[in-house]
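In structure tokens, one chain follows: the form predicted alone.
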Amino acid sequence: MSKHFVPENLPTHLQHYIGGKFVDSIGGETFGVLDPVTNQDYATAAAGQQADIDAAVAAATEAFNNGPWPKMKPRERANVLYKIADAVVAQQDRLAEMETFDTGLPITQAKGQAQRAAENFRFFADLIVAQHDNALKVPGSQLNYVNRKPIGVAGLITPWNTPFMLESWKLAPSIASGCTVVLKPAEFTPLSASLWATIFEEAGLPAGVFNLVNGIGEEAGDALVKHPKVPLISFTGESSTGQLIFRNCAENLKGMSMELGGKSPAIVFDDADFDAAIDSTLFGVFSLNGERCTAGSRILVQRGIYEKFVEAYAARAKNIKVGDPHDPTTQVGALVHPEHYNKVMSYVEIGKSEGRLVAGGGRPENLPEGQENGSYVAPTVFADVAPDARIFQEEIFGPVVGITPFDTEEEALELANNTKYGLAAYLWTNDLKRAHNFAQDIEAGMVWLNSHNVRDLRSPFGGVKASGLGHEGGYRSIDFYTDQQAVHITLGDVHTPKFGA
């Protein structure tokens, strides 16, 4: 590998996209964007303020009220969505390079993101064409049917961990439903979001349906959440930000969908397929650099196999290849930003007094030349972690995991639910009855039994407790972006009490 791979023709300045045009901030504000292997700025981005959000919402409102998109037939909208999907796949290599450069995700893991993003558009294109709504009839008496209508301008606020793919999760259903949108991508990773505008334009999406405002959460994000003409906010990010958005949405009674933080348990019983559980629990916390909301970052292992598990797990963790994200042999790349790196490293230090360090615990050795200042953390494993330890209760969002033993099924369930979060859970056992009953009792929006994190797009995605509010995925996404209007017609004689007759 060369010292540092830089994709060709990288933009040095990223603009907003409002009403079909690339524009700078009205007041000229910008912020720096860095790549995480050198931690040097490679570009500036327009920093959206209230005035820029106002302009984007005005463009989206005009496109919703007077443009063709919301009134188009589902098949016509679907045809545009298929073109979007094809355009995403056509530049998947370029996209993966940009995503890896911007986020520090290993290139082999970034390569799947374009296919998944494209599949989101195809899926929702199929869904809106196949979708039908209820018609309920009482013969000779009454007919009731449902009109489904797009709600209006949707505000989409997306995270930095797999930016392009997670943007597609929100863009595909919102646009498919006939809404117009204002996207505020994460400030750490604005690069791949800049591709959407051209993709949409070339696919034939009318101007104003998609608008993009870059900026930091406290400025652009805050203005979008508080905007009186944005009736919907879909947010993915950390729970504390979610609470703030929740408060700000209350003022205008906005619809909200929130996918927030996680501290998901992986529970391994002594009858589990040991090798499969090791593979899955390693992948579950070290893939995507550990920067994933559904990471199985608390591993609970039954006492009979505990020491064997810890030993095998630590040995594998020490063997994980950390290095240049563009190297196809890399399994863990650089964390997204120095600010986040410092947070993760602070938890590594806390962990040293809360558990037995069995792997990692600092920066990796032998970093590539020129990347010595990159935001690299060695895969870190703590054993014998007390259930109330900070590293067992707080979301770290990096390549750090805690392991603790349990004796009985009841204890395992208590440990699994002993956190404010409830996003995902992973369960390893060959006892079928136990698996299904245990899954039922876990406080989590999603459970994987003897499986790593693979998700059918038709299924609901979301969490309980501090991990979220509402669900997206399949029809639930369409429900979020549309109003369902019930129409009632009397088919027989009208029998109304005659007040005042």
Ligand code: NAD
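As the structure is a computational prediction, the values presented were derived from the model and not from experiment. All residue numbers are counted from 1 along the displayed sequence.
Same protein, other form: the form predicted together with this ligand, not shown, and the subject of what follows.
Proximity to this ligand in the predicted complex, defined as a heavy atom within 4.5 Å, singles out one entry of 179, 403, 293, 425, which is 293.
In terms of contact with this ligand in the predicted complex, the residue from 231, 217, 355, 323 that brings a heavy atom within 4.5 Å is 217.
The partner is not drawn, yet in the predicted complex one stretch among 243 to 251, 100 to 108, 140 to 148, 126 to 134 has residues with heavy atoms inside 4.5 Å of this ligand: 243 to 251. Of the heavy atoms in residue 391, none are within 4.5 Å of this ligand in the predicted complex. Under a 4.5 angstroms non-hydrogen atom cutoff, this ligand in the predicted complex lacks residue 413 among its neighbouring residues.
Taking the partner from the other structure, this ligand in the predicted complex has no heavy atom within 4.5 Å of any heavy atom of residue 192. Although the partner is absent from this view, residue 120 stays clear of this ligand in the predicted complex, with no non-hydrogen atom inside 4.5 angstroms. Contact residues in stretch 157 to 191 (any heavy atom within 4.5 Å of this ligand, taken in the predicted complex) are 157, 158, 159, 160, 161, 166, 184, 185, 186, 187.
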